[in-house]
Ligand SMILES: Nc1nc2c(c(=O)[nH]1)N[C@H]1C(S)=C(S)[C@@H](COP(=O)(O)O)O[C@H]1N2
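Below you'll find only one chain, the form predicted alone, shown as structure tokens.
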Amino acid sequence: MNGLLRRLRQGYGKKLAAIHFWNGWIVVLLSLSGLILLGGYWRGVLGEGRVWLKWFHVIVGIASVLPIAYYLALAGKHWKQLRGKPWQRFNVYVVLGFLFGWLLSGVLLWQFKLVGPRVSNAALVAHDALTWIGLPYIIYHSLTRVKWLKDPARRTVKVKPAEKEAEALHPAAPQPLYTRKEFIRGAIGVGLAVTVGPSFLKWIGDSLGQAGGGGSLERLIEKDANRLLPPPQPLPASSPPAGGGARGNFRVYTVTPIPSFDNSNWSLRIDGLVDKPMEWTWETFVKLKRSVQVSDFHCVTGWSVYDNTWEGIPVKTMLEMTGVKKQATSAIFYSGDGVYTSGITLEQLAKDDAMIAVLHDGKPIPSDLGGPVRLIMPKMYAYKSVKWLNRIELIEGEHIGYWEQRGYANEAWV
């Protein structure tokens, strides 16, 4: 009987160690893949692999429920073990709270089209907050639990004196599934592959900036690298902004280094299947008649900025100037970074809110947000709203753009 009890206690300890082992590595994999997905540097390097990495992140996130469920099956026995240890019980509550919070917010982000922009935006904020607070705590917990699990005096349940005497006659050496040294060495080895990379410091800076409002329009305008004269003069509806000012912070994503422009290297051309190809320099472009709209801006990664006041020229107005041939069915929008493109049908571009924007909330669009000129498609996710716009080509058929080639939907309706 005593031998059976001893084996049961040893088996329980191994199960608890296995839970910490798998949960620890799940957190490591989710953290590293999440950092890479967020880092602008890796967007250009990974290409289509970023879409596969996103699915890996989702699958590992779903798999994180398994060690949680396994632990809950053992929770009763573990709770007895923690009798009289309120701090350790509190620690279990905290860790489970972080894990459940990550899982729930991650599922909402995964199903962003189903839950809508406002829910996914709140889920992203929660996911980020849990990461900033929870990740250091989880790492600390994992490392200290490894030490705790290796100490048999700290992970045994209370037994009767007779059982203690029997165990003393036949002691059993603890057999941890892995050593603390191995865990630390493995986790650090994997982590260094990303944390010493160029994306890590940028991620830290951007995240800290956004946590303090650093992703605000004012900060991005201060960093504006564009130098184009004369500056566009806002219409009365733009200054003050008709929308009351944008609500939310932009997250700057790009697949190339952010370009900069001045009067000598920027122009906008419309060609392809048009009656009269046209090209505007900055001086001629800012003289075009503009209009104002208030709309929301939704990113496919889950965040949104609401009540933006955009000023520019409706796309359909620009196309009317050049004329559209009968066989044309869609347009390719080219970015001034020389890499990014996206295709949109003429039917979609005929909507009143499809705009070639030059001002945001009454101020020039900064380079980080795609200025001096960018496309705005408010009812579509932002990967269709091409930044640094410098060319529109009308074609027959459809064009599969940069992110669409890498797994994003060509139909990008919010």
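Residue numbers run from 1 along the displayed sequence. Quick caveat: nothing in here was measured; it's all calculated off a predicted structure.
Form predicted together with this ligand: not shown, discussed below.
Self-check item: Partner proximity in the predicted bound form: L369 to this ligand, non-hydrogen atom cutoff 4.5 Å
Solution: Looking in the predicted bound form, residue contacts with this ligand include L369, since a heavy atom lies within 4.5 Å.
Would A246 count as touching this ligand in the predicted bound form under a 4.5 Å heavy atom rule? Close contact is absent here: in the predicted bound form, A246 is far from this ligand, nothing within 4.5 Å, heavy atoms only.
Check F250 for me: does it contact this ligand in the predicted bound form (non-hydrogen atoms, 4.5 angstroms)?
F250: yes, in contact with this ligand in the predicted bound form.
Should T254 be classed as touching this ligand in the predicted bound form when contacts are defined as heavy atoms within 4.5 Å?
-> T254: contacts this ligand in the predicted bound form.
Name the stretch: of 316-324, 112-120, 274-282, 332-340, exactly one has residues whose heavy atoms fall within 4.5 Å of this ligand in the predicted bound form. Going through the listed ranges, the match is 332-340.
- Considering Y71, W102, F297, W266, which brings a non-hydrogen atom within 4.5 Å of this ligand in the predicted bound form? By the 4.5 Å criterion, the partner-contacting residue is F297.
**Prompt:** Heavy atom within 4.5 Å of this ligand in the predicted bound form: which residues of 367-388 qualify?
**Reply:** D368, L369, R374, A382, Y383, S385, V386, K387, W388 sit within 4.5 Å of the partner.
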